[in-house]
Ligand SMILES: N[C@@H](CCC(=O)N[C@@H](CS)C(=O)NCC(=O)O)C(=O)O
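Below sits a lone chain in structure tokens, taken as the form predicted on its own.
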């Protein structure tokens, strides 16, 4: 399976982590978004990442790709089948992709991605908006983080993976939930980071070098 994108994107990282947890082998290719090749456009008509190619099947959007992977590779299950558990897992995925990401990625773009990768001026107004919203996100996570185990109980699921990947992005600007303010959330995140699949993806992500 080929994944289009780079691991500094939380949505690309989420797909890579999901595949790694499933034991699915994949390769990664960073597309030239300014002048994309036809194969990437076929996989992602709107030139968004992540996208994937699995044989002759292509798909874009992290949630769509994850739904495909869960159906194709059902073991281990990362999205529960039971109705309430499934609904709750999808809620955490949505919380991560929209609420937490809306706050965290404003900071990341304003202070790091914009200036470093796109050569834009630092956008402190945008970053400050995101930074002001993050405590509410982390307070919620602290209220639901378990003392042991995972967000959905004994089984590691998409809920843990989705929320953790947003925190990983926010670590780049040192605004992740820290133990002195959010001890349960920080301990839960440390457990996620200790998983072999996470370590595998983190090692690959560490190879990325931010430009000066």
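All figures in this text were calculated on a predicted structure; none of them were measured in a lab. Positions refer to the first chain, counted from 1.
Although not depicted, the form predicted in complex with the ligand is the subject of the following passage.
Partner proximity in the model of the complex, defined as non-hydrogen atoms within 4.5 angstroms of the ligand, places exactly one of 42-50, 157-165, 22-30, 171-179 at the interface: 42-50. Proximity of residue 131 to the ligand in the model of the complex falls outside the 4.5 Å heavy atom cutoff. Put simply, residue 97 is close to the ligand in the model of the complex: some heavy atom of it is within 4.5 Å.
Looking at residue 18, you'd find every heavy atom of it more than 4.5 angstroms from the ligand in the model of the complex. Using a 4.5 angstroms limit between non-hydrogen atoms, residue 54 is distant from the ligand in the model of the complex. The partner is not shown here, but in the model of the complex the stretch 1-34 reaches within 4.5 angstroms of the ligand through a heavy atom at 9, 10, 11, 33.
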